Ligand SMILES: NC(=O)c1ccc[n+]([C@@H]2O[C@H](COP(=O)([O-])OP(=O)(O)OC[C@H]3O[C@@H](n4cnc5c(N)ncnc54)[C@H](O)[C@@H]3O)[C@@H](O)[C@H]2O)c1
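The chain below stands alone and is given in structure tokens; this is the form predicted alone.
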């Protein structure tokens, strides 16, 4: 028997609850509860999904029918909640970022090791079908030596006050660029930011990641009204390039063009062709939560475990430090 609970029923918490309800209907889990301190919000979602709700997460800690939880609460609460649930025998999926403090992230990883519980971090885009296909092709050498990775996450919205775009958006590129290149960290990282509304959180940021042989460029902003929403990734290699449109998980665009080098000098473009790889339909969040369930059942260490979450927090803090000081930060 596997019972799950979702802690936090804000926008993304509702998505977790919706997907878990689908998985409950499919027999992947045996029970589902939701929890939110806001009783009206919890009750509304409870009635919509026809699942039980509580307003005190302590009730779930004491509930022997709940073996695992998704923590989808404000990031500043992740440490305390994650620690309490693991220390009382529950497996935990924590939405990204793992924490917003490096020391707290380290302590959560230590708590997972000490308790033997599953600690998974919700780095959603590692479970995106097009990213998985891209990773497979990079590993197979189809793009050649990777030269550049370029990520854009642009939209127009009221800026958040609890965190800026580096933690809210840029953490995806910080994680994915390393994942695609099979490294823990870039050699060095630098960033710049703008704070236009005086909230002490950045609304726009650019991040540069130097991997030595490859370079990563990420641009994150909440202030770009020219796009309804733009989220994409371009990877440039010596044999070809690829583009992922995160809003379209059913395809990967491949560009079989390259620069021809003669006597050490770039002279022309070869094979100026593009084709689209069609992928089976799969919702990234459902892929992620289904995988979490499989890790809980098999005791397999997750792809995005606590160590991955910790490294992302280290890089996000390095980016914020670089933006404040105007200097690059060396990484392990």
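This one's a predicted model, so the numbers in the text were calculated from it and none came from an experiment. Numbering follows the first chain given and starts at 1.
FYI, the form predicted in complex with the ligand isn't displayed, but the following is about it.
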In the predicted complex, the one of 86, 130, 191, 72 near the ligand [non-hydrogen atom within 4.5 angstroms]: 72
Contact assignment for the ligand in the predicted complex, among 236, 111, 138, 163, heavy atom within 4.5 Å: 163
In the predicted complex, residue 124 touching the ligand (heavy atom, 4.5 Å): yes
Non-hydrogen atom contact residue 9 with the ligand in the predicted complex at 4.5 angstroms: yes
Contact test in the predicted complex: residue 186 vs the ligand, heavy atoms, 4.5 Å: no
Residue 90 within 4.5 Å of the ligand in the predicted complex, heavy atoms: no
Which of 62-70, 29-37, 271-279, 290-298 sits within 4.5 Å of the ligand in the predicted complex, heavy atom basis: 29-37
